[in-house]
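Considered here are two forms of the same protein chain, supplied as structure tokens in two stand-alone entries, structure 1 and structure 2.
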Structure 1
């Protein structure tokens, strides 16, 4: 439970930390699209090269970055197993009923796994190098056009930043409740799945109640500091584009061009 590294900011002063959050968000979106545009390993190699550069320039420890993949290991193995077992191909190694293990299936599953890993790594680079406040400012700024159709963009952004800010607080709270229930004889170690699910309830109920109480108090504290919805607020941190953002945009353009070129000229899938 303590290892909720996904979505956690890593404080450092690096090229990436100083980028405008809007640029980082758009870069991430472009990166995700490009990963799906790539139809061969060369394309993924271009993405991986850019990602490695990003990681190196971010000054976030590599171990910490790789840890974010841990959360999806199960998903990776599961999809890989499905693809290996059921993907039809020409070079068949083993076939029985609907199960068909082929060279193409294995290659395809590796390809998909790589895509997923790149996706998660790039997304966590965004959250490692961007504070929740900057991130929500970025989202708010990018969603500004929606204000014209009366979407409460600012309120949504604030909800998002408070949710992110409460991750460590609620993690601590969960740990506390878990210990309290253990002290009262709760059993969280059972191997029986039904019992395991049942054991979550004595944690969830107090956690929910405590979260509601916290929300109530936070609401009071925010009101006491003159927060009222609908009133025009100003921003202390103003987003401004610098030469770094221009570099990022150029890298992004190169990434898109690189992947498109590999797709066009080295088209053979995988």
Structure 2
């Protein structure tokens, strides 16, 4: 859980930190769509170039950003192995039964792995450069039209904000429980899958109880402060667009145009 980057805000005074959270949310959505629109490595190269610029302008340490990828290493290896072994192509290196290792399969595996890495990194940059409160305000503002059909937008935004705030707390709680279990002689290093699953249970049960207890305490604290859902609430900080947001919109438009052009003119997949 140390590799979970969602909700882990990195304080800094950078160009990205000062952007409007609504612009950052829309940029992230556009970035994710563009990654799936890209059908060749040239398109992914454009996305990677924009992402590198974002990381540099954010002033977030590169090592910290790259650590967010460690949480999906197993998924990357698993999907890559499946595509290498079962993706059929014209240039076959080895084939036996349903197993087929081809040049096209290897290329597709690399392409898919790069796509997943870009997805994780761009999502991590949103939470690294945006506080949970600002993110909640941005989501609530973007979902304002849903209020016209009586959707509880504020409640949904509040739930998201609380969930993001609880991630670092649960991470610390997990580490504390694990250390306590190790002190009692628990073994988490066994290579036996059944024993590994059995060793996780002494962590999950206290963690679940701790999460329920913290949720109950949070509910009591909100009631003690006379919090009422469904009423019109004022904002201490009002979201306003600046020239930085205009620059971000232009960069987003250039990104979309660049990927679309690579797909149209450079054509062939991968």
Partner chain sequence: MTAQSGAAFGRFGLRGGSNMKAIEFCGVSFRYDEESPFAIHKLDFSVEEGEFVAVLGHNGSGKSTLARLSNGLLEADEGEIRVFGTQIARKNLYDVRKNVGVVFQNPDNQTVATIVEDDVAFGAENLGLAREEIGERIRFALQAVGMQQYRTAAVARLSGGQKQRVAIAGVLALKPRAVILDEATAMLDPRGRREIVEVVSRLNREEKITVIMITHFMEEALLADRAVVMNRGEIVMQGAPADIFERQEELITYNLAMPRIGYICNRLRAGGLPVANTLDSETLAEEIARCVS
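The structure displayed is predicted, hence computed values, not measured ones. We call the rigid core the largest set of C-alpha positions that still match within 1.5 Å between the two forms. Residue numbers count along the first chain shown, from 1.
Pick one: which is the form predicted together with the partner chain?
It is structure 1; that copy is the form predicted together with the partner chain.
Is the shift of residue 212 between the two structures large enough to count as movement, that is, does its C-alpha move by 2 Å or more after the core is superposed?
Yes, the C-alpha position differs by at least 2 Å between the two structures.
Compare the position of the CA of residue 203 between the two structures after a rigid core fit and state whether the shift reaches 2 Å.
It does shift by 2 Å or more.
Can we say the CA of residue 167 moves by at least 2 Å between the two structures when the core is superposed?
After core superposition, the displacement of the residue 167 C-alpha between the two structures reaches the 2 Å mark, so yes.
After superposition on the rigid core, what is the displacement of the C-alpha atom of residue 223 between the two structures, in Å?
In the core superposition between the two structures, the C-alpha of residue 223 moves 2.7 Å.
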